[in-house]
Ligand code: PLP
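One chain comes next, on its own, written out as structure tokens in the form predicted on its own.
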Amino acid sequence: MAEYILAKENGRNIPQEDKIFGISNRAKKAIAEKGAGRVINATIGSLLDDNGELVVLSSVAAVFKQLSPKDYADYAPIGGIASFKEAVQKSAFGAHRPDGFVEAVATPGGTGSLRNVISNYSVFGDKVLTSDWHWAPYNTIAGELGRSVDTFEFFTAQRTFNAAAFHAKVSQLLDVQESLVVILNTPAHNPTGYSLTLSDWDQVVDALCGAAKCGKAIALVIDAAYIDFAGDEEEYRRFLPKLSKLPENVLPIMAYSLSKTFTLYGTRCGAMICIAKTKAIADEFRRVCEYSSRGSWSNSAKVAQVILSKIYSDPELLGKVGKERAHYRDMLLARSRAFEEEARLVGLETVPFDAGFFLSIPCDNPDEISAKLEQQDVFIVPLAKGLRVSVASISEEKCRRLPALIKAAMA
């Protein structure tokens, strides 16, 4: 526990450095000293090419270069420019727009969406529910707002979605809380790469419909940051119409990010999009979330909002973006399949995986294994229940080498 001098702890346990960025910084230092070929840096949540360079869609970059100063220097409205709010719904939903009253509010990435949902749809002291394998900053976001994270067991012994555990934990928390925020990171879950199937979604909807009979407010956040790197973009959106079956007191909210889909990481742009049963609930969503935005970051950056608006106003350009993204998605999937193939050959167990930037390996001593690998210039992220590997940041050749190195370190 840190010893505070002037700052206030306020119930938080603030580490000396962010674990993921700390490991990543050490990896970058090793690369600078020894060369990229001698280091495996599988920590980064950005898509890199086989030379370790950031992938930026050239079709998107071309739009960026054509912007006028007012497109990037002027303030955007707190909720986002009108053309962006329209375009981001098309981008998020594709051909599978759910029925309901939809409102979108611009946020600084998916993180801003999560912050605003927790702030407005839970109360101080509440527990926010997500899976036991989850993105660690959920804990930071909740803790900053005086909430905490509780989890359900993500997978059964048969390596399928644990719907019974989900249902039980939802019921347990609603017995003691007047509200509940649920975060499901899918498709291409971070950190495991699992995607909820249509059958899984039926079970989620059934569980929430049953739990909602208590009359309490439930916000279901679909953290869909990786949706366009999961596979066919329309196939992986087929679950969305199922959200329309949820009752009035369950509000589905999609946390959508332009970071991965449009390789606009540094612009910090995303949106929170609700699908409400009534106009009054949708209007309330917009009002309270814009209010929270004003009280934290105020306006989101305008530049990516303009870029997305221009892309969706030009069908030919949109087609180019989609084609280019598909190329890199195929590269990413080839890397993950290579890792899985080698993992099977060396007997390395992985958590159920479908697609995305990351996959995970269960183990009892992740910090120890990570430190051991670091001595060999292999950098991966230790989690509470195992190790996370970014297949997005290393070549297919390194994906094939890595499983044997991890297996040896675990021996």
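Note that this is a predicted model, so its numbers are computed, not measured. Start at 1 and count along the sequence shown; that's the residue number.
Although not depicted, the form predicted in complex with the named molecule is the subject of the following passage.
Q: Spell out, yes or no, whether the shortest heavy atom distance between residue 226 and the named molecule in the predicted complex is within 4.5 Å.
A: So residue 226 counts as contacting the named molecule.
Q: State yes or no: in the predicted complex, is some non-hydrogen atom of residue 111 no more than 4.5 angstroms from a non-hydrogen atom of the named molecule?
A: Heavy-atom contact with the named molecule at 4.5 Å: present for residue 111.
Q: So in the predicted complex, does residue 138 come within 4.5 Å of the named molecule, heavy atom to heavy atom?
A: Because a heavy atom of residue 138 falls inside 4.5 Å of the named molecule in the predicted complex, the answer is yes.
Q: Please tell me whether any heavy atom belonging to residue 260 falls inside 4.5 Å of a heavy atom of the named molecule, as the geometry stands in the predicted complex.
A: Answer yes; at least one heavy atom of residue 260 falls within 4.5 Å of the named molecule in the predicted complex.
Q: Would you mind picking the one in 268, 167, 286, 245 that has a heavy atom within 4.5 Å of the named molecule in the predicted complex?
A: Exactly one residue meets the criterion: 268.
Q: Heavy atom within 4.5 Å of the named molecule in the predicted complex: which of 116, 190, 162, 131?
A: Result of the distance check: 190.
Q: Counting only heavy atoms and a 4.5 Å cutoff, which of 252-260, 211-219, 306-314, 196-204 contacts the named molecule in the predicted complex?
A: Single hit among the candidates: 252-260.
Q: What residues in 172-186 sit within 4.5 Å of the named molecule in the predicted complex, counting heavy atoms only?
A: Heavy-atom contacts within 4.5 Å come from 185 alone.
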